[in-house]
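Just the one chain here, the form predicted alone, laid out as structure tokens.
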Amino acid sequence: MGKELQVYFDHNATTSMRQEVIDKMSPYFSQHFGNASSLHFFGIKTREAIDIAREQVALLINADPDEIIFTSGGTESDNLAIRGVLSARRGSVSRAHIITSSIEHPAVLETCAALEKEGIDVTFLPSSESGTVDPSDLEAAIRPDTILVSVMLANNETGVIQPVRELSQIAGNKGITFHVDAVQGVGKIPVDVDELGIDLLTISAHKFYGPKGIGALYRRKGTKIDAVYTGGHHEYGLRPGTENVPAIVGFGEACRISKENLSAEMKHIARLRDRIEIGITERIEKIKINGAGSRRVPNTCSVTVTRIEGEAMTMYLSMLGFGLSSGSACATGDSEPSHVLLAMGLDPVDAQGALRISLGIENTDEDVDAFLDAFPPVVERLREMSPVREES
């Protein structure tokens, strides 16, 4: 019997850790276990490791090390950015207004929705059919009491890259703090916070071969935010709690390797993604590559297959050995259509027929060949079984 097929195409949900990252972390679970706040040798050793990791994270995005605040991941960083700015600025305005987009990750959308219930005004910018925010919409939405704009760098479902530089210039000209959720961008495309004009930026290590449970918020010098939690003095007083040293060390190593290998890895992954899109377009009728006309991160393909539910495709492909997502992995178990695809103008029925293919560095041409052989028969079979028939 041959080896069971196992192909992982869900790297936007999470990635495996590089072996170099695991090796770098290992001593900090046992040998170098000191509390980084302690003044003795054991604490000094771990503090030095944190300082090195902070430099490595900063170098990846062209920041200064003291602009990096370690957190538990993307969701916490988003909350610290949004709620932190709101807390710091609330006393300087009679009312507070926040602008975000309708295609954000739930870490931003749900935070803003919660703030609305607390009396904060929030504007949700629309998306074009190509999956981007129009800078003119941002310009029109700004009010005298606008204190924050939060727009993601790359969408987690479609991979579409937003016009962040144009958006940041509009916000900056008005003196408004600009936050970017870059969880799906850092480690996949070059990110330079100075070039993009970003005040606050969210990163998560497990999206580019680092450990889970660790991330960072970049805060440009002079950007005022308050802590969300109260407690100790850790992370410049903005994120209290004993540092997760092994995870921080692994995060730094993942950033170091990404900086060295990003260009070559982007080319490899983009070639595989393009092969998949060309192959399924040629072999399957009535499908759409969502965001195909826009700039996208090189690893992501969102495809809508008409009149088939995405969850059915995901489950069927899983039985054949392929790990994919029917949309954002964060929405598992949610039967509602993708809010991103609805914002892009897709019909609700078609929006439920989306499949997200997100590739990684370990994927091969053999993986792509196997998928292109397997996927068309799956679509044919499910269309035959579908209770929703094509309109004549």
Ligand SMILES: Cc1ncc(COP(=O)(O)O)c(C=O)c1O
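Everything quoted here is computed from the prediction, not taken from an experiment. Start at 1 with the first residue shown and count on from there.
A second form of this protein, the form predicted in complex with the named molecule, is not displayed here; the remarks below concern that form.
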Practice problem: Could you check which residue among 198, 82, 254, 183 gets a heavy atom within 4.5 Å of the named molecule in the predicted complex? | Solution: 183
Quiz item: Which listed residue (100, 162, 75, 299) meets the criterion of a heavy atom within 4.5 Å of the named molecule in the predicted complex?
Solution: 75
Quiz item: Honest question, do 158, 304 and 343 all end up within 4.5 Å of the named molecule in the predicted complex by heavy atom distance?
Solution: no
Quiz item: Would residue 177 show up as a contact with the named molecule in the predicted complex if we use heavy atoms at 4.5 Å?
Solution: no
Quiz item: Is there a non-hydrogen atom of residue 204 within 4.5 angstroms of a non-hydrogen atom of the named molecule in the predicted complex?
Solution: yes
Practice problem: Verify the contact flag for residue 317: yes if a non-hydrogen atom of it lies within 4.5 Å of a non-hydrogen atom of the named molecule in the predicted complex, no if not. | Solution: no
Quiz item: residue 273: heavy atom within 4.5 Å of the named molecule in the predicted complex?
Solution: no
Exercise. Have a look at 133-141, 220-228, 150-158, 118-126 and name the one stretch with heavy atoms inside 4.5 Å of the named molecule in the predicted complex.
Key: 150-158
Quiz item: What residues of 8-41, in sequence order, lie within 4.5 Å of the named molecule in the predicted complex by heavy atom?
Solution: 12
